[in-house]
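Two separate entries follow, structure 1 and structure 2, each one form of the same protein chain as structure tokens.
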Structure 1
């Protein structure tokens, strides 16, 4: 059986079987589930999003009285993100977690959600994600053509700079530094704007790039910085808070529409609860990673916000072009300034 045929059979094969529990060995599995929904995830089982998705599946089973559960397939085992978007669209996979930059390939309307400076923090981000008045139409915009529904997603936390030599307190300190970025126009413009030299490179090559001096630094959140052990080769961490990333959870629209209304509503409510709780999990993980950074001798610099914030905001706005982009951006910013969305 080919991959696509195999994937199409996954929900059927899962019916009535044990739900994947807290780890790959199925410890703590939930039994008696009529339909097991497949969820594709790019992160490893050790990542907080994996455990959260497992809990989501368990809660879904309880909320639907065992009619639905979910199994998480980690490490891109069902395909890379670009591939899984199409597989969810086809109905071969029920759901998939994909990055904010990846969803832009399906629709540029999501661009304002991913620009520097649009979110103040992850609480602001989560308020927006749960506000149907702001994101409801956007999250349903892929349904007519692609049969994809965005349910929400997971925060990637605040992204910051880290470098091999010396603290970064100003744009002048960034001059000439080669900073690893994703292959994205947003990141290229941002690093250029704050004085660095953006250097696209595969994530798996960052450690050796820093070690060899091919890179002077990179940017990411605290969790990734510690779990990838980048502190060993870049011991200066600067709290620039230049972007708060997001991983979107996509679901097949036909799946949702084919559910009994009570089950569809239970799935959405269970997901909203899971998403909000993940924000608190991420805060705890960030605090723990920060402690580990200090224990390992990392120098953490908290520069004057005015050193980078105006450039970050300007970069974000410079990427927007369509009037609808500015309207969404303004609605998101208003949710921060108003304190509730």
Structure 2
């Protein structure tokens, strides 16, 4: 059976199963509910977003009295992010976690959220992502054409550089280094700006790319670096803090519109609660992963902020062109602590 054929069969998982003594969770899935929603995730089961999505499914089952639950498909087993955006749009998958820099390819309106420095920290980011006045229209903007609803998402925390050969302290050290980036214009400009050679590649291929020497390095947060075991093949981590990323949770719009109103409301509420809780989980995991990096002998370099920060800021802002982009950027900045614009 082809992938699409297989995917078509997903929504019936668990359908019609009688509620036997409540809902239990098995291999990322809530069992014993009427309708199991499929959720695609690029991360390994050890990444905190996996556990959080599993508990979202359990809460959803409770909040809808067993009418809906969820099954989380980790490790991009349903397809890489670019592919799963389309599959959610088609309704072959119910939901997917998609990096902001990948959504930027479906709609440039999301670009301001990917600009380095737009968020002061993840608390600021979370406030913005839950503020309907700032994001409501944007989150609904993919509905008419693509049938995609953005429900919110998870922070990716601060992203940093890491390399195989040696520590990076300056733009000079980056000369000629092939650095994996997501398939995204902002990342191409960013890596070029700081002297490297950007190499777009899917997340699932980065480990082998580093191992085979096709890549000299990559960039990500501490949690992905450890849970993807990239430290095994690129042991030098440089704290560039170049971008606070966000993973959006997308749902198929027809699915949401086809739900009974109390169920779709329960889904949105359950999700908002899950999203907010994740911020604290993320902070703890980042600390824990940093400890693990040190235990595993990773070299962590904290470069002079002047080495990269001015170039990163300038490159980031260079991507905004449309007046709406600047308006969203300014609204996000105004929601920063102290409300600077």
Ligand code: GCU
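If you're wondering where the values come from, they're calculated on a predicted model, not measured in any experiment. Positions refer to the first chain, counted from 1. Throughout, rigid core stands for the largest set of C-alpha atoms superposing within 1.5 Å between the two forms.
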(request) Sort out for me whether 1 or 2 is the form predicted on its own. (result) 1
(message) Taking 2 Å as the cut-off, check whether the CA of residue 300 shifts that much or more between the two structures after a rigid core fit.
(response) yes
(request) Note yes or no: does the Cα of residue 316 move by 2 Å or more between the two structures after the core is superposed? (result) yes
(request) Establish whether a shift of 2 Å or more occurs at the C-alpha of residue 73 between the two structures, with the two forms superposed on the rigid core. (result) no
(request) For residue 190, give the CA shift between the two structures in Å, the superposition being done on the rigid core. (result) 3.7
(message) Core superposed first, then measure: what is the displacement of the CA of residue 231 between the two structures, in Å?
(response) 6.1
